[in-house]
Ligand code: UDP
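Take a look at this single chain in structure tokens; it is the form predicted alone.
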């Protein structure tokens, strides 16, 4: 009955399913454990009528024209340029740290001097890393690097990843940028915005195809069995492609141990004010237990003068509990080696393809996942 099975209804699974159904003319069964489409990009109206992102803020941005045009088949876009500020000792300054942040941190006179030195040394509109600044022979530029590290990066990273300063990867620290510009957009990609009707509507349109059957609220293991190099669909041999976008360790019963992740706890609050904060997202880099607060009306553009909904994010270790979501793979040598054991198990199934953050144990932005799904679909169709 089905030519292929797709596990997971996020961007990885939905794009692959649509391409195989439409261009490949294949009968696709898409199975999703959750009771909704969209994966972590799922959005919905809360009880106050605010369109919220249930699993944290998702702002689409890309420099890949093919990806933007592909998704534009299923949505129009609300022009939204994401701007993030960090709360640093009561002051709000743009992040990534830029020339405006410099002025707010050091005052106009010192900032003018530092800006001049930076631009003369590195050039205007450049992104300079902390490592580059620290390697400067000018003690003021080295001190600037220390300020950005301590006030923007260090404590925020400790909260996000559950590490001590000593455990923070020096290579990660070295890449922290200072943007020698007053462009305070968080992303500089040419295409960015929010789906005009929301992400969920985008997924509904993408999966609306006669060759696709969607089953929600269905764990993969209830329909798919992998045994001795062969797949079974509901107890019968299945020889088509299986595209798996879930956690690869769970696909094999965590037989080598669970892959480590960071998860997030979200505290949603609806408040009787038109606006709670000045920007869509405020990062708390040196205080508070939460990492950031997001206010969703900035994304949706809704006019609700008497109420707004915010969410506070708390990061912690993922335990594998059913009420948790694995968000961020913890990339290091030991965890990569553990992942390779699971990838080797998957390799015993020639028609099984691993795709996406969880299946590949990598961090991907939404546009990168769409691009990878299109590439995978091309190879399967050929």
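Take the two forms, find the largest set of C-alpha atoms that superpose within 1.5 Å, and that set is the rigid core. Just so we're clear, the structure is a prediction, and the values are computed from it rather than from any experiment. Numbering follows the first chain given and starts at 1.
FYI, the form predicted in complex with this ligand isn't displayed, but the following is about it.
Looking at this ligand in the predicted complex, residues 18, 206 and 211 place no heavy atom within 4.5 Å of it. Under a 4.5 angstroms non-hydrogen atom cutoff, this ligand in the predicted complex has residue 328 among its neighbouring residues. Although the partner is absent here, residue 152 sits close enough that one of its heavy atoms falls within 4.5 Å of this ligand in the predicted complex. Although the partner is absent here, residue 309 sits far enough away that none of its heavy atoms falls within 4.5 Å of this ligand in the predicted complex.
Residue contact check for residue 122: none of its heavy atoms lie within 4.5 Å of this ligand in the predicted complex.
The partner is absent here; in the predicted complex, the one residue of 160, 277, 115, 181 having a heavy atom within 4.5 Å of this ligand is 160.
With the partner removed from view, the residue among 147, 256, 156, 268 that has a non-hydrogen atom within 4.5 Å of this ligand in the predicted complex turns out to be 156. For this ligand in the predicted complex, the listed stretch (232 to 240, 160 to 168, 106 to 114, 68 to 76) containing residues with heavy atoms inside 4.5 Å is 160 to 168.
Using a 4.5 Å cut-off on any heavy atom, the one residue of 184 to 217 that reaches this ligand in the predicted complex is 186. Core-superposed comparison between the shown form and the other one: CA of residue 196 displaced by less than 2 Å. With the core held fixed, the Cα of residue 165 is displaced between the shown form and the other one by 2 Å or more. The Cα shift for residue 131 between the shown form and the other one, taken after rigid core superposition, is 2 angstroms or larger.
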